[in-house]
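Below you'll find only one chain, the form predicted alone, shown as structure tokens.
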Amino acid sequence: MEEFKHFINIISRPKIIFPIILTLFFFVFPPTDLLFNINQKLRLHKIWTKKGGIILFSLFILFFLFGLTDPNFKLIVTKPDNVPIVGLIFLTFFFLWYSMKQAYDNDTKIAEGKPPKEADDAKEKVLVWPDLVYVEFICLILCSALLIVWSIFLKAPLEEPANPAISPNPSKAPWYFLGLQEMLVYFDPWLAGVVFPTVIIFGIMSIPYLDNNPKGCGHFSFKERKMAVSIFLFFWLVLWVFLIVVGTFLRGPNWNFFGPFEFWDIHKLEPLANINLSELVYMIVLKQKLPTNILLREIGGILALIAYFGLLPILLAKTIFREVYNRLGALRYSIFMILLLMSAGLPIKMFLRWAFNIKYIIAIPEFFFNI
């Protein structure tokens, strides 16, 4: 069991588990026809939306129960602040499985020439009173009872009055801000606190306007709305839920990474050798000092961003996003790619930091401009 715990601690390192999560995400929720066809051939949707999903959920519960036998794991997940995040993980998994099961079931029915399940439900007349009000009243009673039991058996995480001379280690924001706090590790505050949250919010709001496919409206469907569903889940699962989980369970003292079964040692020090892209190019690759001219010094990062936002959308429009470009048109495709690439820039920058210790792509501290 100790070898198994050690293995879990190793793969829990973000630079290992993050590429695994991204790879699985784009194969399970394919946004393009190419990935969707691969998904269909491998029958991944058949595996996890049927009995496979129930098996995975059961294994996840068994893993959690096994983890409670470890004192370090138990100390983290049973902390009053972290209990809601444990519930968030289980609820996210269940409702994601349930909704995608409905979507794939409807896709199968439509392919067979049958109406979706929602069409059958629409024939049944449901009255606000007493049907809807009755159900809502029962839910109100159950939720109130749950909160009462919760407040009795789970101690509120109240501590002593704030002392400016003593800071908690680690000092964490409330769970709903942990995603933002994690972003601040990789980006300047103007990007992590303003730009990225704005892009995520407006990106989610713009999905119905960018992907206005009339098919798949009014019922659960993935085949007809795969791009919209995949982008929404990318914003929600990867750019928000994942960052909250990382900030809650993997960030320990001194903001170091710890595995689920690893003791949170306050004396653990990981040497940070973060360097800017310009320093990597000039000082390590070319083995010379940095130029004094800002433009010459940061020309590598500037060209990288120009290629990322300028050339990559054109390349994608000619290849895997050809169908998307033809359906959206030039204007909506441009807006779609700007939002998508800005959002994808977050996990890309995170992985560059974890794998290659890249701090900034463009570093101009003279004008407080760092990307």
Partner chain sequence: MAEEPKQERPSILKQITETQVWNAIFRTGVPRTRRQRMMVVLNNVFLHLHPVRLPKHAVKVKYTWCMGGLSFFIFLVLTVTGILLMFYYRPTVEYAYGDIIDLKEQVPLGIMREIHRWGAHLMVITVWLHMFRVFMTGSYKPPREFNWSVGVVLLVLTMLLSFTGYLLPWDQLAIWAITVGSNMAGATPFFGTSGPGSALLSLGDVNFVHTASDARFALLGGRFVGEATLLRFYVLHCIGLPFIIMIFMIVHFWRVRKDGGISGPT
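Residue numbers count along the first chain shown, from 1. Think of the rigid core as the biggest set of C-alphas that the two forms share within 1.5 Å after superposition. Predicted, not measured: the structure shown is a model, and the values here were computed from it.
Not pictured, yet referred to below: the form predicted together with the partner chain.
Contact between Ile110 and the partner chain in the predicted complex is not found at the 4.5 Å heavy atom cutoff. In the predicted complex, none of the heavy atoms of Ser278 sits within 4.5 Å of a heavy atom of the partner chain. The partner chain in the predicted complex comes within 4.5 Å of a heavy atom belonging to Pro116.
Residue contact check for Tyr176: one or more of its heavy atoms lie within 4.5 Å of the partner chain in the predicted complex.
Per the 4.5 Å heavy atom criterion, the partner chain in the predicted complex is contacted by stretch 100-108, the sole one of 100-108, 294-302, 69-77, 262-270. Among Val238, Ile207, Val245, Met283, the residue placing a heavy atom within 4.5 Å of the partner chain in the predicted complex is Ile207. No residue in the set Phe7, Ile17 and Leu331 has a non-hydrogen atom no more than 4.5 Å from the partner chain in the predicted complex.
The partner is not shown here, but in the predicted complex the stretch 145-173 reaches within 4.5 angstroms of the partner chain through a heavy atom at Leu146, Leu147, Ile148, Trp150, Ser151, Ile152, Leu154, Lys155, Ala156, Pro157, Leu158, Glu159, Glu160, Pro161, Ala162, Asn163, Pro164, Ile166, Ser167, Pro168, Ser171, Lys172, Ala173.
The Cα shift for Arg327 between the shown form and the other one, taken after rigid core superposition, is smaller than 2 angstroms.
A movement of the C-alpha atom of Trp48 reaching 2 angstroms or beyond is seen between the shown form and the other one when the two forms are aligned on their rigid core.
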